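So this first bit is one chain, no partners, the form predicted alone, shown in structure tokens.
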Amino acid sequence: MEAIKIDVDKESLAETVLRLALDVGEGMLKNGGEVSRVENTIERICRAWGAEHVEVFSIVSMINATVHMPDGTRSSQMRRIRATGTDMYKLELLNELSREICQNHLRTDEVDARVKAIKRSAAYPRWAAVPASAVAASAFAVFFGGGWVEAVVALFIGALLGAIELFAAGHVNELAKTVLSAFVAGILSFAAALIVSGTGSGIIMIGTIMLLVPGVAFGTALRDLLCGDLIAGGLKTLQSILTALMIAFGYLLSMAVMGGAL
């Protein structure tokens, strides 16, 4: 076990191995990884460092794991996951790290440093979400049959939705943020139809809705269900359905407010 380096005054071998494996698994789950992949990754990392027995159970909001090492030490640890999202960049970095651990038996201190670096990393600056949302909403408006007017209006609404996501992230409940975004997009879509004659508010609304639809999350939920993780898959499916309902509620609320003006 030359590859393993721990501070014996602070942690046992089992505690160190399981803590680092859970660091990787927690990062994967928070950034959109499937539950089956998270459980498999944690188990493979522990066995790569010599674990004799590993048990892992994970759902959307929790990871619970136990490991037994050859020196007789054992550890049981749990991680509470309070928020999840989708970050393919971090997910790929964590997948690459887990493969290196299994193939090259990296030292634990090196893994600890790399996990911390991955948590701080970003594929692009946070403000880039604003222009990206603007271009995406505009492109969807054109895709669904809109003209240049609808594209321009969707561009500005998409930028506003990106700004809401940027400033509200971590400060506002996710479902409340979804309702707010849908309501604002609906109000502005109707307002544009009133100001510019012949503008299709429905096309603009469809273009902006696409920014809010939890497509990746729903796909991950189906993957978990097909892999036999019924609890995790069911919870993610329910989460996706609730998000879709909040989108509908936000747009219906905007229609109720603006209905008398149309």
Partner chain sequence: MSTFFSASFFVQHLTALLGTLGFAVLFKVRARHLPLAGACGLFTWLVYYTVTFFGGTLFLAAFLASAVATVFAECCARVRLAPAPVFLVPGTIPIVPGSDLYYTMRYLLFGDFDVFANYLMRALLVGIGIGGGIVAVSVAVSLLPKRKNKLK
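Positions refer to the first chain, counted from 1. Keep in mind that this is a model prediction, so the values were computed, not measured.
Although it is not shown, the form predicted in complex with its partner chain is what the next lines describe.
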message: Within 4.5 angstroms, counting heavy atoms, which one of the listed stretches 171 to 179, 135 to 143, 111 to 119, 73 to 81 is next to its partner chain in the model of the complex?
response: 135 to 143
- prompt: Does each of Gln103, Arg223 and Tyr251 have at least one heavy atom within 4.5 Å of its partner chain in the model of the complex?
  reply: yes
field: Selected contact from Ala48, Met62, Val54, Leu235, since only one has a non-hydrogen atom within 4.5 angstroms of its partner chain in the model of the complex
entry: Ala48
- prompt: Closest heavy atom of Lys30 to its partner chain in the model of the complex, within 4.5 Å or not?
  reply: no
message: My question is simply whether Phe167 lines the interface with its partner chain in the model of the complex - judged by any non-hydrogen atom within 4.5 Å.
response: no
- prompt: Applying a 4.5 Å heavy atom distance criterion, does Asp229 contact its partner chain in the model of the complex?
  reply: no
- prompt: Is Tyr124 close enough to touch its partner chain in the model of the complex, meaning at least one heavy atom pair within 4.5 Å?
  reply: yes
Residues in 59 to 83 with any heavy atom within 4.5 Å of its partner chain in the model of the complex: none
